[in-house]
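In the block that follows, a single chain appears as structure tokens, in the form predicted on its own.
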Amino acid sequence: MTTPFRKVALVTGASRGIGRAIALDLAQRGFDVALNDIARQADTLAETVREAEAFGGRAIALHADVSSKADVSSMVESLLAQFGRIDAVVNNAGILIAGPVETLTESSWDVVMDINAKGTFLVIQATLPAMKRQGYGRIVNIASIGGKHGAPEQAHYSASKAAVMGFTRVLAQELGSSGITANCICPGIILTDMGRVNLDDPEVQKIWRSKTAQDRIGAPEDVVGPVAFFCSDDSAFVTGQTLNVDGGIVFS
């Protein structure tokens, strides 16, 4: 009797926040997980790996800067050497540096675009050959409702997330007959370390709560179910879509 293989998921930016929640949820659902973050997050990433392993599968840490092609290539080579396949990719790594357009530095624009947009491209480009060989893959790119309607002092962040959505739509068209789907999740206001850029002030939290139909700020765990759906075969006939996970802020 053949033992069914465990599917393998790569989650970038997995040491904390939404990435950590996604990683633990996929591990609980039976995936082996390869968890990525930059080297300075090694300790928190190692803790996420230990928590993921507690669900009974395999979990590994992969340190890489997703904006570096060399780092990403090495990361994917290591993943395939250890797991032999890759079934789902969740591009979650991202940063936000707030600042008005008038005084925004070129370096701030570049680093946000490099990690959020180019990083997504590089990870997909590196993982596509393995998924194409398998004739199977699930790509989930984490964008943001900011990529749809923007927010003051987030021009570069909003532009990077709009780029991720456009990139995903093209991926879906290029990969349509390959057994690989590509979809986007657009979280709303989520209470994470990065989200606190918007939420340091209790009055700001109150304003954002009032903007949601559910009258609450989101938690990382609110994002995991939609991601798991796009990583599963339940979404086999869904590709090129963008799903808002925001408690009711953007209605489209």
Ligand SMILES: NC(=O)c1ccc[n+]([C@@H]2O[C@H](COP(=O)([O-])OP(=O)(O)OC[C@H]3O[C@@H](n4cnc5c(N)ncnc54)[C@H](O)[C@@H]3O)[C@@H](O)[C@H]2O)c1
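Computed from a predicted structure; not experimentally measured. Quick note: we count residues from 1 along the sequence shown, nothing fancier.
Heads up, the form predicted in complex with the ligand isn't pictured, but that's what we're talking about next.
This chain is displayed alone, yet in the predicted complex one of A27, V66, C184, A34 has a heavy atom within 4.5 Å of the ligand; that residue is V66.
The listed set I124, I95, I180, L79 contains one residue whose heavy atoms approach the ligand in the predicted complex to within 4.5 Å, identified as I95. When contacts are judged by a 4.5 Å heavy atom cut-off, C231 does not count as touching the ligand in the predicted complex. At the 4.5 Å threshold, heavy atoms of A52 stay clear of the ligand in the predicted complex, well away from it. With a 4.5 Å cutoff on heavy atoms, A143 counts as touching the ligand in the predicted complex. When contacts are judged by a 4.5 Å heavy atom cut-off, G188 counts as touching the ligand in the predicted complex. For the stretch 102-134, the set of residues having any non-hydrogen atom within 4.5 angstroms of the ligand in the predicted complex comprises only I115.
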